[in-house]
Structure formats: structure tokens, C-alpha cells
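Form predicted on its own, single chain, as C-alpha cells, below.
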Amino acid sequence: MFNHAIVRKIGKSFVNGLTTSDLGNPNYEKALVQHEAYVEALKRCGVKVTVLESDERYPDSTFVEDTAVLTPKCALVTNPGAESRNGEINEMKEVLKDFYDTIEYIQSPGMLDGGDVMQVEDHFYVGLSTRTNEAGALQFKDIMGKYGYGTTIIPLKKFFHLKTGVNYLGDNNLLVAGEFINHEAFSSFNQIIVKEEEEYSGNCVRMNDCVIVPKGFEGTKKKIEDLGYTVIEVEMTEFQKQDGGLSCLSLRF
């Protein structure tokens, strides 16, 4: 069960953030509306949402997931792989002190983005990407091992982050897209396969009794509903333009 979520408002500099997509520039006003709807969706799932003010110094800082990994036993502050984002962790360190007595840290030369970390019960999967290196993943594995968590490290071939294409829904159900379909690391799961044309919907958020999904991907939505989950749709077009998915916009614990 999740009780809290942390989000950050969008700054006007958001439109100048990092992206590898070719979807055009985001519309700031539209992004604001979509972000507000996202916060409301989190609240519908029964969690208290802490909303941090925007930080114009960091255009990508609304993607708070990359700054930390939160577990019932500890918080871990990451060391984001993009140099322009690294300063985001400074405020997050202070914010997390309100919620956690135990905070761990990834140290350079290790790099780790929270978007490359997926928790499944007492086990973590960590993707090696352009933002997460082996040194960071191994530090993560050692740290979490102290708390009884296991870790599997998975090199990525195409996806931006691990959770771009694989997300745990609970009950041994795993949403998989692209390079993770039939991946040997996930052979023990009931895999819900996302079609190539709906690949963006491979990133979703299971929150208590609901699954939040991006709007406009009817095939994925139906597959999740057929498993018995209550689905909440949120429009994500402006965040998709900046390589952002649903999970990127919050820290959940």
C-alpha cells in the first residue's frame, strides 16, 4: 500500500528540457493542466500528495522519480546521469528528511536514475542505460542488500529507462514492451504484452487498488482492465514530448 507521493510543479523552463523524442515542443499551459490531472489521479488512489514548487534552474525537475528510490526500509538519493539534472538531488535530500530517518546515497562515479529502477516485492531490477552506469547499479545492489533486497541488473538495448518498457502491476503481472517482451529476466511473470504501436503505454503506475495509464492506448487499457484492475487514464502528450512517462512524475511510498 502507498500512503504518500511527492511531485514537483512544472516550471516555464520545462519546454527547454532534455529530450530524444521527435514530437515537437511541449505546450507549457497544456502541460500544467495535464500535471494537475495527474496529481488528482494520485489522490483518487488514496495517497497524500506533497507538491513541491517548480524550480526554473532545472527544466526536467518535474520528473522527480529520477532523484530517489523510496522503500519501506530506507530512502536512496540517486546521482542522476545527466549533468544538467544532478543538482535536483540537493533539495530532494532535504525533502526526504521529513519522511525518512534512514537515507542512503549513490556516489560518483556511480550514476543512477530512478527511472531505471523497478521494485517487485523484495527484489529490484536496475537497467543500465545512458543515465545509469554499472558503478551506480552495483552501488545500488550493495546498499539494498543491507536491507534484505535482491537486485538484478539488466543492460538496455534501446529504451531510454528501464521503466520506459516494463512495469510491475502486482499479483505477478508485468506489463512489458519492446526489448523486454520474453526477456529471460522476467520469465517467471505473467507478461502483459504492449503492442509496438502502443509502446508508450508500457509505462504506467500501480497505486493501491488502481492503475494509472496514459490516455489514448485502448489496447493496453483493455488488457489491464481484463486483469481486474481499476484503470485511471491521464493525458500525457506534453510529457511524452520530453521523454517523460507516468511513473517519472512522482515518488511513491
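For every residue, the number given is its place in the sequence shown, counted from 1. If you're wondering where the values come from, they're calculated on a predicted model, not measured in any experiment.
Keep in mind the form predicted in complex with citrulline is missing from the figure; the text below concerns it.
Checking 204-212, 224-232, 60-68, 26-34 against citrulline in the predicted bound form, the stretch whose residues place heavy atoms within 4.5 Å of it is 60-68.
When citrulline is considered in the predicted bound form, residue 168 lies well away from it, no heavy atom lying within 4.5 Å.
Interface membership of residue 149, defined by any non-hydrogen atom within 4.5 Å of citrulline in the predicted bound form, is ruled out. Using a 4.5 angstroms limit between non-hydrogen atoms, residue 127 is distant from citrulline in the predicted bound form. Using a 4.5 Å cutoff between non-hydrogen atoms, residue 248 counts as a contact of citrulline in the predicted bound form. For the stretch 1-22, the set of residues having any non-hydrogen atom within 4.5 angstroms of citrulline in the predicted bound form comprises only 18.
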